[in-house]
Ligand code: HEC
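The form predicted alone is given below as one chain in structure tokens.
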Amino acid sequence: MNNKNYLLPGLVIIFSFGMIIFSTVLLPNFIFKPMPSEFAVVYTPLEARGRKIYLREGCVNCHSQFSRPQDRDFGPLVMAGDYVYETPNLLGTIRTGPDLANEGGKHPDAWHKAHFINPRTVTPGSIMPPYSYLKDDEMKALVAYVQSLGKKRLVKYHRIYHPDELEKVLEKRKVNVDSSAAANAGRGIFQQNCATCHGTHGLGNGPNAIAISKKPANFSRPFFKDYDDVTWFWRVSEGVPGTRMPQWGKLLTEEQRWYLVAFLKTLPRENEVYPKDYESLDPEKWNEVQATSSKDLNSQKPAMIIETKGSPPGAGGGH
């Protein structure tokens, strides 16, 4: 058999692969030179060292560092100019863990240190391995690096972002979510559907919370003040991925969800309340709950029968 018959097809294949590599890898490296954005970070020596530890320990294998248009709960979208000082970039290729593009500033340093030493102490159910073997100086550098991720974006923007396409729901809304009547209607819907997890006052201490690894949201947390009407409606309708929060858009009518939004807007407070016990939803106490005054709601003392069933829930997992 004449091998010359395979020469031309072989050259074509080699040339094709060469063009693919050139156009997708080499050419962009030469012509794609984005200008630094206002969020581009020049790392301090400590942060730069933490970045090397982050890469050495393989964190990049489970965590990404880019928020895409379809990522509705990771914070502001990233741009190419955000990474001009990154060589090499640590965008990551998989999301076994949460995206870290906007992680900086979400938690204090002590939280991150506890998380690295034993992830399950602050994130129940986490599959992240412990990094308790890191030296103190290495741990300090790693925490500094994580705190630098997206911190410039978080200073300017809120943490939670509803999809832009949901703005159209405001055009056909018929419920005045700022009225006391709507809030009262929403209270009943909340007690029937949400109180078993979130508690009657939205403190994340309902009777079901004790059995949930990802604790229900504690609506007294100050950052819930950042929620606008559409964000509340979106959260109620679509639920919270990774938690037991269901998609109420499949169970409640649009009007009912707006009533629920009206009630939820009355819950966030200036100071976070840390409940010490889980609540028991005794049917005999329903009338008492319904009659609870606004003064009682702000007193930080639940009006329900209290049953201590374990350690108190955290600040709230699902948002």
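Just so you know, these numbers come straight off a predicted model, no measurement behind them. Quick note: we count residues from 1 along the sequence shown, nothing fancier.
Below, we refer to the form predicted together with the named molecule, which is not included among the displayed structures.
Within 4.5 Å of the named molecule in the model of the complex, a heavy atom is found for every one of Thr96, Trp232 and Pro246.
Checked against the named molecule in the model of the complex, the residues Lys140, His115, Arg173, Arg221 give one hit for a heavy atom within 4.5 Å, which is His115. The closest heavy atom approach of Met128 to the named molecule in the model of the complex falls within 4.5 Å. Taking the partner from elsewhere, Cys194 is found to have a heavy atom lying within 4.5 Å of the named molecule in the model of the complex. The named molecule in the model of the complex comes within 4.5 Å of no heavy atom belonging to Trp258.
Though the partner is left out of this view, Val169 does not reach within 4.5 Å of the named molecule in the model of the complex, counting heavy atoms only.
Contacts between 28-55 and the named molecule, taken as any heavy atom within 4.5 Å in the model of the complex, involve only Tyr54. Annotation for the pair Val236/Glu103: C-alpha atoms recede from each other in the model of the complex, by 3 Å or more compared with this form.
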